[in-house]
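Only one chain comes next, encoded as structure tokens, the form predicted on its own.
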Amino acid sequence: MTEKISRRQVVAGAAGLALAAPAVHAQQQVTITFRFNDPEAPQMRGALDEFERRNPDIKVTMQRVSWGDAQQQYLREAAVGSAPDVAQLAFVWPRAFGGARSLRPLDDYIQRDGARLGAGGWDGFFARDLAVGADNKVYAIPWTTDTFAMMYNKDLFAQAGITSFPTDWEALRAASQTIQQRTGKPGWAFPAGSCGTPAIWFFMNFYWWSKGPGLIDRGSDGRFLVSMTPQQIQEGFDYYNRYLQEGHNPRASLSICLWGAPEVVEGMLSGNIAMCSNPDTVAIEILDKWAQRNPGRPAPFATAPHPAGPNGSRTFFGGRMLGISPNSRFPEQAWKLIQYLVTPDPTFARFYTNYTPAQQAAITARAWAPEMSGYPAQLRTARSWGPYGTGPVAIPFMWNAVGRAAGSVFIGEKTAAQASQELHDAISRELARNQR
């Protein structure tokens, strides 16, 4: 006997299906985490809000950690499976993180979407070599780039009778000395102190790279080597020590270690220092503080590339990368966030405006203030850390060793020849110990 179905049951069943249908077809919203270490949290939150509007199926929770804690905290979290889905990384972290299996390889995504990534595709990013692990897999995407440029006080230059910024190293030293003699103010008062991460590490490399070799290079056979001689290392120590010996970098700079120290910033703002070398974030800080303290008065500052040697003017590509945790439950959504963040507009055009996208095609897209024109010029001649970051001698080891060696020369504890030989020997031993 066939059971009869009432009209009321049919209508009720149809209504139930109609109510259930949207639940079947609706996209489920997922939540991913983004670890952000820079100070511009409100601006970045604005960029993430825009991402969420464009991708209503993805919600992004922004986590905050200081750069001083970021590396070790991320590694601990990745080891126990609690790392954020997307993490902001320093340029020199991905290789080691990938080796520790603390990042997800991105080769599949790059193969699929690389041609449409950012402003000019994957091949147009700076420092791609630093994103590659020892297993030749890509573990991060370069996101922002920065470098050091020279910032100088045009008024002090004019008072000293100097009409243009020097373009070679000896002319820079001579200009620094002339400024001190004619104005009584220090010329290039670079931080000469020693600490775990001293600024002198950068200044030494800028000098050495402009002359040719670096501390670590890669030979034609693929193996790494200490390519500088002790005499070439000594040349750099002697160059910077002359500033202290001649008095146009005061001895007080031996107590200053960091490039963006308050003594440097305030020295520029007060007109008591003629020159500094800093990343663009510090130059922007100086310009912003000048505008706050001197409303309506034009800033007396300009920027220029560092002096050149036979190898040109050479600084480095610094910056940040973005990586995905190996235990992310939502790697596709994490990748979609990275694709959005590395696109200049809107992230850099509207929100993260103090930073430069890490692509050659994006350098000119940034609206540089006239006082900042030295930075895009310097980025065009900057280099990747290259063998420093991909070789078997860790950058922190060399950074600390160079700082200690230079400091021993500056305070007269050791001769430049002695300190250079000891530094060469120390890096050679570390290379021999770690190279397979």
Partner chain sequence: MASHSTASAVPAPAVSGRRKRPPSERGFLFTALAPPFFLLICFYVYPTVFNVENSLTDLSLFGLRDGGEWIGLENYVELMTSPDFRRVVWNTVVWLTVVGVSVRIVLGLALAFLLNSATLKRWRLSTISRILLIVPWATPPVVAIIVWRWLLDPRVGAVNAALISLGIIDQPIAFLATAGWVWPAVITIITWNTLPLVTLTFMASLQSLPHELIEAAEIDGASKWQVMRYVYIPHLKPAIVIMVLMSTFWTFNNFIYIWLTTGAGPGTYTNVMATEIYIKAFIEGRLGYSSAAGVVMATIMTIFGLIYLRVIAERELKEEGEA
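Numbering follows the first chain given and starts at 1. None of the values given here were measured: they were computed from a predicted structure. Whichever C-alpha set is largest while still superposing within 1.5 Å between the two forms counts as the rigid core.
Not pictured, yet referred to below: the form predicted together with the partner chain.
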| query | Which residue, Tyr109, Phe157, Phe97, Tyr355, has a heavy atom that falls within 4.5 Å of the partner chain in the model of the complex? | reply | Phe97
| Pick from Thr364, Ser164, Asn136, Gln72: which residue has any heavy atom within 4.5 angstroms of the partner chain in the model of the complex? | Gln72
| message | Can you tell me whether Ile256 touches the partner chain? I mean in the model of the complex, with a 4.5 angstroms heavy atom cut-off. | response | yes
| the partner chain contact in the model of the complex: Arg251, any heavy atom under 4.5 Å | yes
| task | Look up in the model of the complex whether Arg242 has a non-hydrogen atom within 4.5 angstroms of the partner chain, and give yes or no. | result | no
| message | With a cut-off of 4.5 Å between heavy atoms, is Gly222 one of the residues that contacts the partner chain in the model of the complex? | response | no
| message | Each of Pro326, Ala394 and Ile411 having a non-hydrogen atom within 4.5 Å of the partner chain in the model of the complex: is that the case here? | response | yes
| Just one of 373-381, 51-59, 397-405, 31-39 has heavy atoms within 4.5 Å of the partner chain in the model of the complex; which? | 397-405
| query | Taking the rigid core as reference, does the Cα of Arg101 move 2 Å or more between the shown form and the other one? | reply | yes
| task | Spell out whether the Cα of Pro326 moves at least 2 Å between the shown form and the other one when the two forms are superposed on their rigid core. | result | yes
| field | Threshold 2 Å Cα movement between the shown form and the other one at Ala70, rigid core reference | value | yes
